[in-house]
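Coming up is one lone chain in structure tokens, specifically the form predicted alone.
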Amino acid sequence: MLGRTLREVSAALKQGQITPTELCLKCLSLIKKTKFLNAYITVSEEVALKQAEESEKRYKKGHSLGDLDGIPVAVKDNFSTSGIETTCASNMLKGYVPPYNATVVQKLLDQGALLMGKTNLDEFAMGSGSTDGIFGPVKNPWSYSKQYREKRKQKPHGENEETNWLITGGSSGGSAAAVSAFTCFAALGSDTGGSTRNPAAHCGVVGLKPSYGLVSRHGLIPLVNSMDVPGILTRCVDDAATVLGVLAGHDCKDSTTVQDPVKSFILPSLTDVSKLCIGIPKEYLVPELSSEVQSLWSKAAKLFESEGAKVIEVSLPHTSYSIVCYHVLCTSEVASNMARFDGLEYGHRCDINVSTEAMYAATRREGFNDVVRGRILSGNFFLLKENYENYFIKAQKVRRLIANDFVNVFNSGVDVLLTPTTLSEAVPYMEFIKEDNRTRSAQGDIFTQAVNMAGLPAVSVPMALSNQGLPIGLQFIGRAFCDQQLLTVAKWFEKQVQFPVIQLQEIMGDCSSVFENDLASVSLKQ
């Protein structure tokens, strides 16, 4: 069961082939077995089992709440969860238990989903490796896969793992690893500059960043209010659409959500792509792009072409300014948002009581790591009275130009843009930490952050394994609020490429038996 798609498991629950409690226990057992991945910060075992019990009663009465009833899910630890610690992987919020649920969490629970736990991330979601939180880095499940091991001819799990394991990407690395290692069927991430799509590409799962305003941000602890979007991580595109259908819609607690009623996101099976126009942005062919990713990108374009789609090169002329522009706007909003963590209302408070100022300063010094403090300093610099016009206002104007680049391309008849998601496959941790967080994030976000500045929907879909046996994902970018069209194209692509299932039997131990019958079924029965 664990290897199946969310929809298949939902059908199995409705037919009584498995009960929600059995499913929940299987996932909990796997979470314990894969504890060394460090994907979860908190495992909410009691809560999940209680929810499974309730779900079981509904199934017995024939009153299932929908496709998510009884389905194990995980939530990134920067979404508020009532009664469950929410830390943002920071000392500042260690021990903080919110009194309410984020809207997206509430919507999942209202549909009967089982909350397995809260997943690991970079502190306050600032990073592209999931290596900078106080609970330690997340390990990529593919480090222990048969595919990667065979290429490296390496000893089984337990030897050399301290230096050879790979990063998950970030900042939603815990959620991506949780889905990739079969411990849940879907997970929430957040996406401010690529934080859902980047780890999805590195962990071989689907990562969806919906259009800005389609899904409520209420209860997502803010990083950059004008760019943050709750993200969805699943093992196939259909599952992402199912979850989006549950989460999308207006929320009176978030004034940036759309007022229009949202239609369901059930995806048609596309058989003819000849009416599609796929755009390939020439500015995304950067020198840092690995040759393998570049060749898969070309291969994907040729695949669309061979099936009759029109594939054209397009230009997004302001791309070269986007990383700098993003840095100014991102750090400015971070500086403003992080002002709320002052040691008075919630979170960490230092023991110094000489003066209020001294207490503020010491609290923030103890509570935030260097990365967060660095971004607050940058942001406050850009917001200084003498710098405001030259940095913040100028960046806002450039952001508008970047957004207009996309508008012009879509107005020229392009339906969807096809780009890489990341520069390369996942790298070993020891290599990743040679660079500082800011340099890494600037490199890691190169293909993803412009989408956040423009508020567009984008999805990373795993395409193939690299020569090293590691997943490489490609990104599809759609017009604002055309999320369904975007996912329909992504589903067609996913069906064509038949991405292989991760083989983790080695680390599953006793659990491997639960996969043997299942892994065949995962090749996306659609």
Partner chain sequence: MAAPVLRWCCPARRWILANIDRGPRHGRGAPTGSRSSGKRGQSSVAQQPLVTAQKPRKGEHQWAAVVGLEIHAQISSNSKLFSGSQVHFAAPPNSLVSFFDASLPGTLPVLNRRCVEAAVMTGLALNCHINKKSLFDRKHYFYADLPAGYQITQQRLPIAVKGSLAYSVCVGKKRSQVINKTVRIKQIQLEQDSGKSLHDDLRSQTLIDLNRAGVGLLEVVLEPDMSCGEEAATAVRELQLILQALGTSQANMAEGQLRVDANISVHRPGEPLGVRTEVKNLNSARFLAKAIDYEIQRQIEELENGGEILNETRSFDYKLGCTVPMRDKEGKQDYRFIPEPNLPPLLLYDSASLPAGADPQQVINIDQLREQLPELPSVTREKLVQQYGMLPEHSLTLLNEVGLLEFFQNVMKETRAEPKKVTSWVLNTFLGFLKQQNLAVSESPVTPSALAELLNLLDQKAISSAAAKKVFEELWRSGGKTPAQIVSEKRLELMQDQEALEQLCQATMEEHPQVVMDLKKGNPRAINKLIGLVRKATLSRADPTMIKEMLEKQLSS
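Quick caveat: nothing in here was measured; it's all calculated off a predicted structure. Positions refer to the first chain, counted from 1.
Heads up, the form predicted together with its partner chain isn't pictured, but that's what we're talking about next.
Enquirer: Which of these stretches, 273-281, 254-262, 433-441, 415-423, has heavy atoms within 4.5 Å of its partner chain in the predicted bound form?
Expert: Comparing against its partner chain in the predicted bound form, the contact stretch is 254-262.
Enquirer: In the predicted bound form, does residue 221 have a heavy atom within 4.5 Å of its partner chain?
Expert: Judged by the heavy-atom cut-off of 4.5 Å, residue 221 is in contact with its partner chain in the predicted bound form.
Enquirer: Within a 4.5 Å heavy atom cut-off, is residue 351 in contact with its partner chain in the predicted bound form?
Expert: Close contact is absent here: in the predicted bound form, residue 351 is far from its partner chain, nothing within 4.5 Å, heavy atoms only.
Enquirer: Is residue 285 one of the residues lying within 4.5 Å of its partner chain in the predicted bound form, judged by heavy atom distances?
Expert: Outside the cut-off, so no.
Enquirer: Closest heavy atom of residue 356 to its partner chain in the predicted bound form, within 4.5 Å or not?
Expert: Contact with its partner chain, yes.
Enquirer: For the three residues 339, 345 and 392, verify that every one has a non-hydrogen atom within 4.5 Å of its partner chain in the predicted bound form; reply yes or no.
Expert: Verified in the predicted bound form; spot residues all in contact, yes.
Enquirer: Name the residue from 91, 164, 315, 380 that puts a heavy atom within 4.5 Å of its partner chain in the predicted bound form.
Expert: It is 380.
Enquirer: Just one of 135, 360, 429, 297 has a heavy atom within 4.5 angstroms of its partner chain in the predicted bound form, so which one?
Expert: Only one listed residue qualifies here, and that residue is 360.
Enquirer: Would you give me the residues of 385-407 that have any heavy atom within 4.5 Å of its partner chain in the predicted bound form, in order from first to last?
Expert: Sequence-ordered list: 385, 386, 388, 392, 396.
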